[in-house]
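We begin with a single chain expressed as structure tokens, specifically the form predicted alone.
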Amino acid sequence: MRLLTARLLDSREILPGQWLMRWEAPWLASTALPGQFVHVRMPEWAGMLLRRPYRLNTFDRIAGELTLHVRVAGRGSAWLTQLRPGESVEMLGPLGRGFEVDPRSRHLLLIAGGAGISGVRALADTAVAEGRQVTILFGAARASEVYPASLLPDEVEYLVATQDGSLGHHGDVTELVGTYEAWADQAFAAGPPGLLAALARIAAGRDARLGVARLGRKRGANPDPLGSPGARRKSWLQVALQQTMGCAVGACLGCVVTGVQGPQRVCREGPVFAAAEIDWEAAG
């Protein structure tokens, strides 16, 4: 983790109120992992004292560049999208724990809703580069809010669900998961809390639906503790949470969510968790 200056290379509106911003930030790009985020400093003269967290949408280690997918939701994000190429901001990062992909996994299912696509977008790039097969399921309210297929790798299979039926499947994106739950070695998701909670319920019943038997542990073997990299790799579903963060280093406790073993800081223990780590009922 470092505090560095990132220079804006270009910025464009890819969806109404959503911007793709490309930055020159060699050290950040070279050390980033899918699922991590950066903390961006806002202008103090405008009264915006807190930094804003943004997921690392994509990163190019060779070019030393990264992109942020910014949805305008307040003064901070509005200010950021008004910057012009050549201007710079301070970024702290990369921060948090990213996705844990099992080396044996060949088929990855990525699920996203709305601007949550930024939570899994970098994973699509790295998975394709490693020779894995990737399917992305994307949910939106209407066709005008669907993430452009042109911004995804050509190798990715991309399916869309819209709630009004204006594009792709008519209904929730969760209704597409059943077709792929046997195919996918692992699943990774990002989006609104309601979507993640619904996916967690699907994942909890997957073994029973597929007839997967749970055998006893070998004598003397120690199980991977919940929250460890090993346990997350063995979880079929990992989720990338999005929370308001004051410090992004675990000190302020402003991003705490309820886990099954107690409070979890999204900025430190996350933002990626195994779905089974979160108490979804308490999370609302």
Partner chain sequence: MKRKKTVITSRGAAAHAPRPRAPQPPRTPVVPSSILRLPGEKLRSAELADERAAARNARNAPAAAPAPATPLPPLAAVDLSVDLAPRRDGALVLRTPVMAAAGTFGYGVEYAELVDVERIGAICSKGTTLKGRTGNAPPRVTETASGMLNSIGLQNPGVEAVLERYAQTWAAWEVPVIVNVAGESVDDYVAVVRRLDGEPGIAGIELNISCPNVGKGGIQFALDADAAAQVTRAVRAATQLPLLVKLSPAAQDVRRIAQAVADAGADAIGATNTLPGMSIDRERRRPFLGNTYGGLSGPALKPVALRVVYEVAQVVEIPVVGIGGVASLDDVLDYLMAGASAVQVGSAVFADPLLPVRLADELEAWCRDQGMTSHRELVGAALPGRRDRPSMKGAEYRP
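Residue numbers count along the first chain shown, from 1. The shown structure was predicted, so the numbers you read here are calculated from the model rather than taken from an experiment.
There is another form of this protein, the form predicted in complex with the partner chain, and it is not shown here; the text below is about that form.
Worksheet item: So which stretch, 107 to 115, 176 to 184, 199 to 207, 91 to 99, is the one near the partner chain in the model of the complex (non-hydrogen atoms, 4.5 Å)?
Response: Partner-contacting stretch among the options: 91 to 99.
Worksheet item: Looking at the partner chain in the model of the complex, do all three of Arg51, Ala251 and Val257 come within 4.5 Å of it through at least one heavy atom?
Response: Per the other structure, all of Arg51, Ala251 and Val257 touch the partner chain.
Worksheet entry | Contact of Pro229 with the partner chain in the model of the complex (heavy atom, 4.5 Å) | Pro229: contacts the partner chain in the model of the complex.
Practice prompt. Evaluate Pro26 for contact with the partner chain in the model of the complex, applying a 4.5 angstroms cut-off between non-hydrogen atoms, and reply yes or no.
Written response: Looking in the model of the complex, residue contacts with the partner chain do not include Pro26, since no heavy atom lies within 4.5 Å.
Worksheet item: Taking heavy atoms only, is Cys247 within 4.5 angstroms of the partner chain in the model of the complex?
Response: Cys247 belongs to the contact set for the partner chain.
Discussion item. I'd like to check something about Arg233: if you look in the model of the complex, is any of its heavy atoms closer than or equal to 4.5 Å to a heavy atom of the partner chain?
Written reply: Taking the distances in the model of the complex, the answer for Arg233 is no, it never comes within 4.5 Å of the partner chain.
Worksheet item: Within 1 to 25, which residues come within 4.5 Å of the partner chain in the model of the complex, counting heavy atoms only?
Response: Residues within 4.5 Å: Met1, Arg2, Leu3.
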